[in-house]
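Take a look at this one chain, the form predicted alone, written out in structure tokens.
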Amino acid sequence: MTTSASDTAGQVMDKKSFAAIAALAKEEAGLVLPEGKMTMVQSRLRKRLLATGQANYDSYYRFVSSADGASERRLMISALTTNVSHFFRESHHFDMLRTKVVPLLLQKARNGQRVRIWSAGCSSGQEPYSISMCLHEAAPELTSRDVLILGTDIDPAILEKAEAATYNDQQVSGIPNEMRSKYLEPDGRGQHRVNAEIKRIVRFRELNLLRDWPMKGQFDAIFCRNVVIYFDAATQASLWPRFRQHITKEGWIFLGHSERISDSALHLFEPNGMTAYRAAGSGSSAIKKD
């Protein structure tokens, strides 16, 4: 008997299927999904069952873990990823960017060197666009030089939204009014598009932090905020040395409000403010901590 769409939509995930899917999500993307998230996972994957024609979550797991399901694994991770972002979220980091980091970057740019900033786990683009606005406000000269902000995310669907750079009234509420009038173009229907000046120095790429990082150069600052909180301790520990390799000797890394670099990796980074770190040996200890 053929299973109808309505039957499929009504399937309930059992613990065995959940455990298998959770293990695959951890292997593919480092996502930690405790059993208490089973209802959420069931809800988020229901559309994927319909799209693939699978009768239940067990058959979906068998498909998505097979060679034929390679492309579906990418879509499964996209469905399971939590995408929450705001303009100028955790504003103290942008204060630090403006007052502590930008002066160093401007000096570097004036010496003919390139400036690179990475927003790792950029979601729908508010973070990299906030960084661009901050640079334009703090040092307009810097944005006319060799500067680039890279935004990466594992979710290709959310990156399409980031590229579109269009946000509603509520989403842009975190942008100060003066900057909103300078850097956004309202369409008269409650939507606001980030203007070309801000977009010009921002690029987006799909990237899984657990896989290879194709970027060859180093970054002056990395924003990886509210990302590693979804990973277990071992996965987090594996990322800190990789981040250190990808920042300059004077570089900064900013984490989310509930994230910390583990003690075992503090030989690589030195705390320098609230959930902010600099490369060890950068001279940051001489800078007064917040």
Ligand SMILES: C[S@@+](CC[C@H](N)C(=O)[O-])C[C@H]1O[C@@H](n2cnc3c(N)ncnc32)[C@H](O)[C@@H]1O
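Start at 1 with the first residue shown and count on from there. What you are looking at is a predicted structure, and each value in this text was computed from that prediction instead of being measured.
This protein has a second form, the form predicted in complex with the named molecule, left out of what is shown; the following refers to that one.
The shortest heavy atom separation between Arg203 and the named molecule in the predicted complex exceeds 4.5 Å. Although the partner is absent from this view, Gly121 contacts the named molecule in the predicted complex, with a non-hydrogen atom inside 4.5 angstroms.
Contact between Asn226 and the named molecule in the predicted complex is found at the 4.5 Å heavy atom cutoff.
Residue contact check for Asn83: one or more of its heavy atoms lie within 4.5 Å of the named molecule in the predicted complex. Heavy atoms within 4.5 Å of the named molecule in the predicted complex are found in one stretch of 244 to 252, 65 to 73, 52 to 60, 23 to 31, which is 23 to 31. When you look in the predicted complex, the only residue of Met133, Met96, Ile175, Leu207 with a non-hydrogen atom within 4.5 Å of the named molecule is Leu207. When the named molecule is considered in the predicted complex, only one residue from Leu150, Leu142, Ile154, Ala165 comes within 4.5 Å through any heavy atom, namely Ile154. Residues of 127 to 143 that come within 4.5 Å of the named molecule in the predicted complex, judged by any heavy atom, reduce to Glu127 alone.
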